[in-house]
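Single chain ahead, written as structure tokens, the form predicted alone.
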Amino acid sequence: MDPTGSTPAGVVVQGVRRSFGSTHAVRDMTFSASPGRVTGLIGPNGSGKTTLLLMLATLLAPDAGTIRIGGLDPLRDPGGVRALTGWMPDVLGSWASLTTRATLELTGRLHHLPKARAAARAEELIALVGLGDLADQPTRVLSRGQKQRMSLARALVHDPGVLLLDEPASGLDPEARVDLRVLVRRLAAEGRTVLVSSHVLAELEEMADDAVYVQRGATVDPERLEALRDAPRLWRVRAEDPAALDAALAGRDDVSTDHLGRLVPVPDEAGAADLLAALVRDGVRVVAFAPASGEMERTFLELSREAGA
């Protein structure tokens, strides 16, 4: 359910297309994002992610296909969809002479909040995104990361059931990224549908429950993704004595090296556990043992290699 306890605020996209003249930005996208979960939207630059988000936010109309947000059609009921949706674009302009507080109050009023409620909501959100020290400063003095936090606050003003976040971690320092991850997980736990587009895949890995991969304007077929998941995965191994590790791996011809350690392909997590047990039995004092990349990054890179082949 959405935070108001009414219609389930999921996102359903079926066969959506959008072109700009001869440029086919979105060719065929089909996926769903569920309430109470964070869904990552992953793809290279130019793959159609932002165009898709603009259509979900009612700012562009699809040429074909259907979109439903909380059961509503953005074409037939854009006002209803906007009331249900919080939209945080990659770059959101601000009224340079207004303070952060005034910006949030005005945004609340634009969402038809009563004046007193808009002021109270602005105060809540200033605390939520950590802009208390800058609440009464004009927005022109905010850094890129601070403007991102204000943009997130603006998306939350009307307590939406669906959040569309385009590169929300852009410009944030490491501490602010951790805070963002915790906040996004909390917002999803409250029953919201959260769709996040990000190039920071390590961050997204810790934030998202589900992933939608897009390539050349289309969502990647689930069967293709399953085949990639079944492929061997590199695990990075580092030992107190590198020579002892090399001796234990001497019978393998598939081991490679990077600046952080030895890279060993294994079929699955059970294979990784067997490898670690074998190294320990051989007396190797292992000091680091982990996947060489996150699952999202690995899948993204494999799809990119296939596309370039």
Partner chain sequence: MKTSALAVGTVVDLELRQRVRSTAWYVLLGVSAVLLLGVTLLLLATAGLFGRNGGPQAAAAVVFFVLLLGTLVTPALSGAAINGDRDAGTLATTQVTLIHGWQLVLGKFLAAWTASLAFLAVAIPFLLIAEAFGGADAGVLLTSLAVTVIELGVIAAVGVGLSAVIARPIFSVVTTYLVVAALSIGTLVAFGLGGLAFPVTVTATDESYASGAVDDTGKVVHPVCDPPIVEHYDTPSYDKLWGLLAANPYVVLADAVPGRFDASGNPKDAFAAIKVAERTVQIPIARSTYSSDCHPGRDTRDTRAPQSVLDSTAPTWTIGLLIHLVLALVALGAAVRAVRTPARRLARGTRIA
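Numbering follows the first chain given and starts at 1. The structure displayed is predicted, hence computed values, not measured ones.
Missing here is the form predicted together with its partner chain; even so, the following discussion is about that form.
Across the proposed site, 273, 279 and 298 without exception lack any heavy atom within 4.5 Å of its partner chain in the model of the complex.
In summary, among the residues 83, 135, 178, 225, the only one with a non-hydrogen atom within 4.5 Å of its partner chain in the model of the complex is 83. Taking 182, 127, 96, 189 one by one, only a single residue has any non-hydrogen atom within 4.5 Å of its partner chain in the model of the complex, and it is 96. For its partner chain in the model of the complex, the listed stretch (255-263, 240-248, 31-39, 55-63) containing residues with heavy atoms inside 4.5 Å is 55-63. Of the heavy atoms in residue 146, none are within 4.5 Å of its partner chain in the model of the complex. Contact annotation for residue 107: at least one heavy atom lies within 4.5 Å of its partner chain in the model of the complex. Using a 4.5 angstroms limit between non-hydrogen atoms, residue 235 is distant from its partner chain in the model of the complex. For residue 116, no non-hydrogen atom is located within 4.5 Å of its partner chain in the model of the complex, even though that partner is not displayed.
Counting a residue when any of its non-hydrogen atoms is within 4.5 Å of its partner chain in the model of the complex, the hits in 76-90 run 78, 79, 82, 83, 87, 89, 90.
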